[in-house]
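Single chain ahead, by itself, as structure tokens, in the form predicted alone.
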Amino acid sequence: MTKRVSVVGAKGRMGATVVDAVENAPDTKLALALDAGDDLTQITPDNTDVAVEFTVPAASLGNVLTLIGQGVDVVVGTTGWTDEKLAQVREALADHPDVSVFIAPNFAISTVLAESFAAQAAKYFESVEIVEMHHPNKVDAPSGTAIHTAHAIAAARKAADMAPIPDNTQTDGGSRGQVVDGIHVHAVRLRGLNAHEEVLFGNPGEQLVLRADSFDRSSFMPGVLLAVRHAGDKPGEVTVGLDAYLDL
């Protein structure tokens, strides 16, 4: 079955890459390519099976709520999602139980695997920190991927009843990064980078480093298409993370 896909944010860097991927995949067809200022109510079940939303955090929630109201499944690549925003999406889905929403902190298979491995390793190491590195045009920091990874690590450590991560820092002028669920997350914005994440684990006398690198936006497209193919699998639900569709 060929899925009709509309892309919201089609003129952006990621959106344009999604348009190309949809047009070149054998089982997807581009329906509409819309961008800022376009009327999203053009997207309906009559012309679209799933909408892919790649815009900016300030616009994403409103876009997703509009698309839910239109009765169309949504795949979201925009980051910056909070528990409060997710709650609004779930509330909207209660009135549209046939619609599904999928949100991916990251679509790169390598990064999803690294996060899964990090959650497995978390209960074996006393210390852990995350360093995420991106191009300077990225608008949010830390990245949604790093936040999602921190939550996964923290949950694994809590389940293992581990002690707090040791840190005897007495004064901090901001160099210790943002603390997410007890995990320090550091954000680097540097020209020449694309999207990179390191998770550093430490024990006395040993270290484990997990690193995922996405050198080009094309690295995200297999994950986007995977999510598009699974759109509608869980009607009435919000699914967060590509690991839901991988055999992990």
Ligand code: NAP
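Here the rigid core means the biggest group of C-alpha atoms that line up within 1.5 Å when the two forms are laid on top of each other. Numbers follow the displayed sequence, beginning with 1. Every value quoted in this text rests on a predicted model; they were computed, and no experiment measured them.
The discussion below concerns the form predicted together with this ligand, not included here.
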Triple contact flag D35, F54 and T78 to this ligand in the predicted complex, non-hydrogen atom at 4.5 angstroms: yes
Heavy atom within 4.5 Å of this ligand in the predicted complex - residue from A146, A104, V74, I153: A104
Answer range among 41-49, 55-63, 182-190, 198-206 for contact with this ligand, defined in the predicted complex as heavy atoms within 4.5 Å: 55-63
4.5 Å heavy atom contact, K234 and this ligand in the predicted complex: no
Heavy atom of V238 within 4.5 Å of this ligand in the predicted complex: no
V8 within 4.5 Å of this ligand in the predicted complex, heavy atoms: yes
is_contact(M14, this ligand) in the predicted complex, heavy atom dist at most 4.5 Å: yes
Residues from 216-244 in contact with this ligand (non-hydrogen atom within 4.5 Å) in the predicted complex: F220
Did D140 shift 2 Å or more between the shown form and the other one, C-alpha, core superposed: yes
Large Cα shift (2 Å or above) at A195 between the shown form and the other one, core-fitted: yes
